[in-house]
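Next comes just one chain, in structure tokens: the form predicted alone.
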Amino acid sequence: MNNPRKENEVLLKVDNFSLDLVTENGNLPVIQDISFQIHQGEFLALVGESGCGKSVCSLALTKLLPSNLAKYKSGSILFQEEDIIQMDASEIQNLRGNKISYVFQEPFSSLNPLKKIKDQIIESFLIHKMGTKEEAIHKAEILLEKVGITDISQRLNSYPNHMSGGMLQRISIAMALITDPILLIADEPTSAIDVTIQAQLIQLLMEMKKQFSLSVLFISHDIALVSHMADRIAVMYAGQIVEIGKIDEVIDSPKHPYTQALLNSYPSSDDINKELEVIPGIVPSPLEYPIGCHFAERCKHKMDVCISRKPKSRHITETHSALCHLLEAG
């Protein structure tokens, strides 16, 4: 890695960001006034149920959503102090796959079945003019070895359908790292993988983060999984970040009822007799977001004010905050 590293540097700063998706039925307010930061070398987990807006948020960070469908309403997305929203096409092209790389959920659909692994893994290296084809292949071989791929020459000349999902996800990680990115965005990279190798891939990501001083945005629906990995955690519900803080703050002392419900819905090794909580209802559609708190209809602590007025984010500590009327009342 040739990227300079500054301890505690704010790499990505998302500030009061809102995004609509344009549809035939009107604009869908899929992201509403979210703010978070990722520091250099930090592992931030973004968690929540399916339909909460996590993947849309991750794609919006580098304007990967179709320009005719995505309407950037307000706020800013600062990467190394430059606003991504204001970047033109060439600036975005230089950013994606270079300083910011992605590992997607389903390796079978994110890789081209008609192209050899070799041609796909070196593509971004060549696009960003980081060296010759020979240098790209040499670097690909080094990275494939680091992610635990054997018979590298054979794998490079194979097609994706010749390999397992776990192997393809390892290749996807190597592909994401070939340009020496500063930020890796991993969108549920283990959810489509057999449970027997999920732990291996998680360990691999942690080793890559440490070895390459990567910043990681890890998106997951599994709050229990990320509790063992992340430095900080942001909980997303219905287009909003409802709680964010250091991992021990959020896991050990959750303040938002949604965070509490998520944690109570997972089994605990400390209490094998724990009764698991079921969160009633479903995540509302963006067309049906309430006037007040988005979680109100599913919340067992609901108050009248939750229906009529949106809550404001409140700090519990300097690093821990939540979006809940209960904190105002308390």
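Numbers follow the displayed sequence, beginning with 1. What you are looking at is a predicted structure, and each value in this text was computed from that prediction instead of being measured.
Heads up, the form predicted together with a small molecule isn't pictured, but that's what we're talking about next.
Peer 1: Let me test this: is every residue among 97, 100 and 182 within 4.5 Å of the small molecule in the predicted complex, going by heavy atom positions?
Peer 2: No, none of the three is in contact.
Peer 1: Note which of 56, 279, 70, 305 lies within 4.5 Å of the small molecule in the predicted complex, where distance is taken over heavy atoms; exactly one does.
Peer 2: When the small molecule is considered in the predicted complex, the option within 4.5 Å is 56.
Peer 1: Could you check which residue among 50, 268, 27, 265 gets a heavy atom within 4.5 Å of the small molecule in the predicted complex?
Peer 2: Checking each option against the small molecule in the predicted complex, the one that comes within 4.5 Å is 50.
Peer 1: Is residue 316 one of the residues lying within 4.5 Å of the small molecule in the predicted complex, judged by heavy atom distances?
Peer 2: No, no contact at 4.5 Å.
Peer 1: Report whether the minimum heavy atom distance between residue 10 and the small molecule in the predicted complex is within 4.5 Å.
Peer 2: Contact check for residue 10: no, nothing within 4.5 Å of the small molecule in the predicted complex.
Peer 1: Is residue 16 a contact residue for the small molecule in the predicted complex, using a 4.5 Å heavy atom cut-off?
Peer 2: Output for residue 16 is no: heavy atoms all beyond 4.5 Å of the small molecule.
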